[in-house]
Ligand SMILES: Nc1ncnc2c1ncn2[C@@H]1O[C@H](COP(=O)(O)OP(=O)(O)OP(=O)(O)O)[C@@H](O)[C@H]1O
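There is one chain below, alone, in structure tokens, taken in the form predicted on its own.
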């Protein structure tokens, strides 16, 4: 049974709303049959807001992020899917319309910093290439602006880095170059898909601090995609928790950490490292997420959920509006007790 589409939550006044995603459904056609990676997802991003999209690998996070820039294969988004940027519909928009949006109004930072760069082109030329897409910017001006962007993202010796190649960079430096390229079009929304996953812990913290600073200074919105709740909690005002192609809980970061209302959110919090837990970890859910080729019937978490005892758990879970702009897809959301795990 297909999941019930998520209506767009009323997260703020329409005048402040930058992005509206509604009834987003993405289906990949594979040799084994159709795989529904995203099932009726809906959410909003306000101007200047930082929103985290979090969940296990394979839950549909990256597919959702790629859909915002029109980077999925043609025909992947099902009829009825809607992505609106300031009211402009992007689903089924023509190539020319998407080019005016992609990189200029919405930009993306990818997970693998080295793989996202051209290995045979100097760093400065790659950043300048984005800048030269702007009307009237010549080669010399673009090179100067590229140097300024490399400096803005905290890279040392930006004048020398202009002529270096990606293989000469560390992972953290390459990710900063990727961020500089994303900033070149002065986007209103920056989508960062697991931007710290390939980096060590120290560099992760530096990249997160950089993203938070750039968001404040530039006044842009940020959609941060991650499998790590602690990563998004450092940066984001609001969280979207995704499981098996659906957003199962959403709301302010502090409330989701202190009082989760969905068993999956609570399991993600329980699975975080703790100094006082057994061997530094609190056990989370058993098993693995289901395959998008064959989603479970009813609640998609039911085969793994320790709370799935009621007959209603066998039914498709409807999205319930809670207090303080929170939503949850669970008929037992009132039965969860207080959380003892530390907050963000």
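This structure is a prediction, so every number in the text was calculated from the model and none was measured. Numbering follows the first chain given and starts at 1.
The same protein has a further form, the form predicted in complex with this ligand, not shown here; the description that follows concerns it.
*Asks:* Going by heavy atom distances of 4.5 angstroms or less, which of 254, 230, 145, 194 would be at the interface with this ligand in the predicted complex?
*Replies:* Checking each option against this ligand in the predicted complex, the one that comes within 4.5 Å is 194.
*Asks:* Even though this ligand is not shown here, does it sit in the predicted complex so that 170, 177 and 202 each have a heavy atom within 4.5 Å?
*Replies:* No.
*Asks:* Contact between residue 58 and this ligand in the predicted complex at 4.5 Å, heavy atoms?
*Replies:* Yes, residue 58 is a contact residue.
*Asks:* Even though the partner isn't displayed, in the predicted complex is residue 63 close enough to this ligand, meaning a heavy atom within 4.5 Å?
*Replies:* Yes - in the predicted complex, heavy atoms of residue 63 and this ligand come within 4.5 Å of each other.
*Asks:* So, residue 292 and this ligand: in the predicted complex, are they within 4.5 Å at any heavy atom pair?
*Replies:* Result yes; residue 292 sits at the interface with this ligand in the predicted complex.
*Asks:* Wondering, does residue 37 line up within 4.5 Å of this ligand in the predicted complex on heavy atoms?
*Replies:* Yes, residue 37 sits close enough to this ligand in the predicted complex that at least one of its heavy atoms falls within 4.5 Å.
*Asks:* Who in 27-45 is close to this ligand in the predicted complex, meaning a heavy atom within 4.5 Å?
*Replies:* Contacts from 27-45: 28, 30, 37.
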